[in-house]
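Presented below, as structure tokens, is a lone chain in the form predicted alone.
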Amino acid sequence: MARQYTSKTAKSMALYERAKKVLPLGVSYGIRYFEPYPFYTARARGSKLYDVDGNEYVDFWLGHTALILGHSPQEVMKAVSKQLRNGTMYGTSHELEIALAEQVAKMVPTAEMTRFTNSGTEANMYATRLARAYTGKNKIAKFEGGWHGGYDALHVGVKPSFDVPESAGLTTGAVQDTIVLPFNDLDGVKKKLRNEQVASIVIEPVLGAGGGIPADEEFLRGLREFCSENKILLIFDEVITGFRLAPGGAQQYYGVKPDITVFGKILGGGFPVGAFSAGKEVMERLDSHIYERPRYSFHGGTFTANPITMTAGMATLKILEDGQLIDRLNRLGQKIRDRLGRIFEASGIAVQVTGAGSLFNVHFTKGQVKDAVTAFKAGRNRLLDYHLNLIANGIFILPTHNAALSTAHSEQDIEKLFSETEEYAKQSKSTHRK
């Protein structure tokens, strides 16, 4: 596989050697590196990436799952091109930010008011601060395997061992008020939070970095009830699931309402974005005319609600609003999860295929995968091998990460995923026999 890959990516190899001199690890985000070196994209269109060597890849990574309409969708590009003539960045208020906030409120009933940021990390940071300001409590809780960006207070408990810091430079003071909870285990949550005064519990309804594992509906309902009983704000991190599982996100999909919702990715229509939304009573803590220091919760940023992102986001949400495209993707997602499972089963390879809606992931294990603990106990090296083989054969899923569907994926794209997986499973079976 390595020889096949390197023989087709000579220009990417040269670019990587150049990149290592000016970018740590040769990349701008550590997860984008994979052995022996990443390919370098020259352009993208629809469901495809094209690298600098002219190779074509069917893209199931989709810009960290952000591109639900595929690369450069015509309607979004047309709207953005028009806005470019009117300016890219104002630094003042404008009607586009109002319109997108209204659209979010229309699609997500709990999102009565919204503030925009430039990333999911920022949105999680400001949502956490808001929860503390509103409740007057300092401690917060998150789940094992939950990824909420690089914000210090939430940058813990992402992967086993959960007691090992996720990064150097995280001080004891930054994380001492964060409690890490077991995913899909309500009794475990109650036990960990007994006698604790907690401002918020943040959860990804489908774990991202934790393996594409959906929360059990019963667990989410129990968590909602527990938060209500204990005056804890429930935060849904819908950076991945927002506008993907349903027009109203995971809260519509599951029928469970959070107090605060964090958005990103799809909301930006292919441009940098984040947002956090809640009911008026909670969001008014951001209003410095109502609350003065120290009761006021600050939020801001130079490029927040920039007109390009607002335009792209509005065009995207309008396309997704009636839910028909999302429903179609969800059906295809289930087809993929079922078929991948059968392909490996036919070759005698034990896998569990997780995901929800149009998200999917493969775990090489016999045991049920219900949380990040069991996900990381599965064959990670084998998953890496599977993904690298797909890349070498023209299918891109970022190694060991979740995959996603877009409306641009064709039947041929999906059949290619199946056929390459069948070939890998047969080769893998033969190798293990030897």
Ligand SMILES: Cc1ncc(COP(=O)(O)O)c(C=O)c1O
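Computed from a predicted structure; not experimentally measured. The numbering used is simple: start at 1 and walk along the sequence shown.
This protein has a second form, the form predicted in complex with the named molecule, left out of what is shown; the following refers to that one.
> Decide whether residue 124 counts as a contact residue for the named molecule in the predicted bound form under a heavy atom distance cut-off of 4.5 Å.
Looking in the predicted bound form, residue contacts with the named molecule include residue 124, since a heavy atom lies within 4.5 Å.
> With the partner left out of view, is residue 73 within 4.5 angstroms of the named molecule in the predicted bound form by any non-hydrogen atom?
Heavy-atom contact with the named molecule at 4.5 Å: absent for residue 73.
> Can any non-hydrogen atom of residue 326 be found within 4.5 angstroms of the named molecule in the predicted bound form?
Flag for residue 326 set to no.
> Should residue 119 be classed as touching the named molecule in the predicted bound form when contacts are defined as heavy atoms within 4.5 Å?
Result yes; residue 119 sits at the interface with the named molecule in the predicted bound form.
> Of 244, 142, 148, 363, which residue is found within 4.5 angstroms of the named molecule in the predicted bound form when only non-hydrogen atoms are counted?
Checked against the cut-off, the match is 148.
> Go through 235, 240, 100, 130 and name the one with a heavy atom inside 4.5 Å of the named molecule in the predicted bound form.
Comparing distances to the named molecule in the predicted bound form, the residue within 4.5 Å is 240.
> Heavy atoms within 4.5 Å of the named molecule in the predicted bound form: which stretch in 223-231, 244-252, 148-156, 334-342 meets that?
Contact-bearing stretch, as computed: 148-156.
> Taking only heavy atoms into account, state which residues of 187-225 are within 4.5 Å of the named molecule in the predicted bound form, ordered by sequence.
Going through 187-225 in order - heavy atoms within 4.5 Å of the named molecule in the predicted bound form - there is one hit, 204.
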